[in-house]
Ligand SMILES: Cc1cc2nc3c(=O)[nH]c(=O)nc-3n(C[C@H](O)[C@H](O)[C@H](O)COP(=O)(O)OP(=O)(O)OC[C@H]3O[C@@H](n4cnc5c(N)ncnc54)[C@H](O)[C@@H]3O)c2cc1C
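Here we start with a single chain on its own, the form predicted on its own, put down as structure tokens.
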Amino acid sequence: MKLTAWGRYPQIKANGVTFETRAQLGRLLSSTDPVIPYGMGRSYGDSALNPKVILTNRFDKILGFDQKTGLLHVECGVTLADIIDIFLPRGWFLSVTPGTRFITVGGAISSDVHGKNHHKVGCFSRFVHYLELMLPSGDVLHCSPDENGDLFRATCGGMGLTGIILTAAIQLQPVRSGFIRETDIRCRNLEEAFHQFEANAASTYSVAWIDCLQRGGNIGRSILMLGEHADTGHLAPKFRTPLPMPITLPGLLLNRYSVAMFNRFYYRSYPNYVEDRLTPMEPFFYPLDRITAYGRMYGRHGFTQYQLALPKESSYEGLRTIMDRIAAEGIGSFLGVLKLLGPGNDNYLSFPLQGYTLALELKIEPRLFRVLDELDRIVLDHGGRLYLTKDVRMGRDMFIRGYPRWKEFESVREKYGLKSKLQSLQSERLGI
């Protein structure tokens, strides 16, 4: 089978095997060459790619739910969309959600995803009470912060390199509405955006669309979107059926001029300030879920998302330098996202650190990786790191310097005999 991830780069030939029972999975692990689990294919690069992959999407049963506490027990192949469809009408929503609902619970844990509320509540793993993990030996271990804690900390954010997550118990949050009270603030430049993020740090959700093609006094002009769960509006707003992107567009259509035109239109489409607009959850949390295979707009070579995090003390200077470099090269993205991050956690390879994160979707083209190598140096100079879930090209030195606890992760892999059986193209590239 031909296999790729969300960025449609790289594309490889792979043997994909699936399972529906623990016994089937145990036999697969004992009889196959090195593998990596593959869920919905929404990681952007090669972190879930390997010549042999274990497809988890058929291990997708809901095992139990406590309506009083909101504790949900599911198999790894259950998607966030499944959870929302079933439990939002009952008054429960995800405690943390990334920008797509089409990922599995196993994938959310392996990437330790974060959302627009990281500055308030942290990553997805904070709401994982426990998980069951099958090792290559076939043994199943119960892992939590207090039981097999080293394996739990390695699995949350460990990119599938510690075993196959079988089940997880995750904490949902109660909500009274399927709507968000949204406040939008137009920011003239990066300095103003930073000021507004800090001034509104008490908001439950915050995220900014950012124009990365501006320079001078307008560098980093943004639309900051704040959100709170509404008390009004029904609990089950209709999530639209995604529209397909029917064809792969010519890559030439996406250039600095078309992106600049889109960014200008998008920025001007927002008023200076709108407060407490009642917005359904779908457009607030998942605007890109409206289009399936939207990566086709980037052309046949695919795209990547370059997502970095910088410590708060160096975020402004570092992001200003990065955006000035991007604008000078003219590789701006129509999807630029800036978020405020809270403190990091104790997991060895979790991405967030206290500061700011910038994510840019960029078309794969000949000069791109050269420019990203330059941005890597800026990120490292300012004490930052790149997100493994979005990465498709960083080198080992960038990884080691960005993730200082990588040796602890490696020691867990060695302790439980994981390295010879669980590998991805990314892990081979990074030497872990």
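Numbers for residues come from their place in the sequence shown, where the first is 1. No experiment lies behind these values; they were computed from the predicted model shown.
The same protein also exists as the form predicted in complex with the ligand; that form is not shown, yet it is the one meant from here on.
By the 4.5 Å heavy atom rule, the three marked residues 6, 99 and 110 all count as contacting the ligand in the predicted complex. This chain appears without its partner; in the predicted complex, the one residue of 281, 76, 323, 226 with a heavy atom within 4.5 Å of the ligand is 76. Proximity to the ligand in the predicted complex, taken as a non-hydrogen atom within 4.5 angstroms, holds for one residue of 210, 164, 180, 154, which is 164. Per the 4.5 Å heavy atom criterion, the ligand in the predicted complex is contacted by stretch 386 to 394, the sole one of 63 to 71, 386 to 394, 363 to 371, 399 to 407. Not displayed here, the ligand is approached by residue 41 to within 4.5 Å at the level of heavy atoms in the predicted complex.
Proximity of residue 220 to the ligand in the predicted complex: non-hydrogen atoms within 4.5 Å are absent; the residue sits far from the partner. In the predicted complex, no heavy atom of residue 349 sits within 4.5 Å of the ligand. By the criterion of a heavy atom within 4.5 Å, residue 50 is excluded from the residues contacting the ligand in the predicted complex.
Contacts between stretch 140 to 163 and the ligand, counted in the predicted complex as any heavy atom lying within 4.5 Å, involve 159, 160, 163, listed in sequence order.
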